[in-house]
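In structure tokens, one chain follows: the form predicted on its own.
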């Protein structure tokens, strides 16, 4: 009898785990995925007390600052010029549809009013206000969806133990309860998903620090989907999507590429895609980083992302006082002007049907295929055949009709040299 009872318990556990692994998205979740797929452009914000030190969000680790010393940093954080209305207005003017902000980065510091710890902005800084709540309210007013970047990795909590590949200089005791840490993480996620209104998604990072550990992903993902069924889950683990994940991100790379070394095992899944990039070389505020990317470079990255059927999440690292660097604001204005004219070829499109080429990419929507000439060799173009009869080809900028020839070799079209745009010459193929 006892053996039979144990068998039934084990069977129940196996069934429960199998049910979790066989994740089926809800109707609300599928609708949210469709919205995300169409949104195409978002603002990433890396902001925390680390901005005080002006050396990026990894400063605690990279400078070997121990926990006791780092505890002094929040005392200097007083962003009196933080204005969420300006942030949201800037994002909208740039053509961005959502904002992803760091609720907690690897230093473990909560940028929201957490009741589970005093290691947060309300309890430890002279500013004493919940910046996440203020931003959530402004996003709601302006119809911008809000996502939370949330670090699974934590250099502050003692229970984040055994240690991972980072955080070894934090001076924490060599003991702790891993599952208590996971309970703590789930508790903070519960706060974020119950106290800040409707949340677009959770953007996890840090799994790679202890990739062989039991992260209880099924439990955490189930918690999120139970609290908010439409909340999307993504995880920057640089692997193919796990069950329960609703979108897949690629760090500083286009899907299928691996120029940074992060995406070695990132096989492209069947969920919506997103690539994220910085405007200089840093995520968090870095005083000495002046390697600013041009508006042309970033517009072309956005276009390429859409051509790869991916969203583009572009990062800013606000300064300690709460302002966005003027260099970032200027570039985002330029991108907004471009999107105002050309957004139809990006929003709500799918990547393809012509695969990315050296000259550019294509997007499509309904009966229109948009050819984006980013780096044309000359004004004569041979577009590979994609199995549809072409009714006509026009220049998107002027609607001028272009002569073309469609045969077994593909579609040949000549673009007037004076119509070539140095950023993106867009052709509209009607099929």
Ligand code: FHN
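Residue numbers count along the first chain shown, from 1. A quick note: this is a predicted structure, and the numbers were derived from the prediction, not measured.
Although not depicted, the form predicted in complex with this ligand is the subject of the following passage.
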Report yes if any heavy atom of residue 208 sits within 4.5 Å of a heavy atom of this ligand in the predicted bound form; otherwise report no.
-> yes
Give a yes or no for residue 224: in the predicted bound form, does one of its heavy atoms lie within 4.5 Å of a heavy atom belonging to this ligand?
-> no
Non-hydrogen atom contact residue 236 with this ligand in the predicted bound form at 4.5 angstroms = yes
Heavy atoms within 4.5 Å of this ligand in the predicted bound form: does residue 148 have any?
-> no
If we take heavy atoms and a 4.5 Å cut-off, which stretch out of 101 to 109, 340 to 348, 68 to 76, 209 to 217 is in contact with this ligand in the predicted bound form?
-> 101 to 109
Answer with one of 203, 285, 312, 160: the residue that has a non-hydrogen atom within 4.5 Å of this ligand in the predicted bound form.
-> 203
Pick from 47, 36, 370, 44: which has a non-hydrogen atom within 4.5 Å of this ligand in the predicted bound form?
-> 44
Heavy atom contacts to this ligand in the predicted bound form at 4.5 Å, residues of 54 to 84 in sequence order = 57, 58
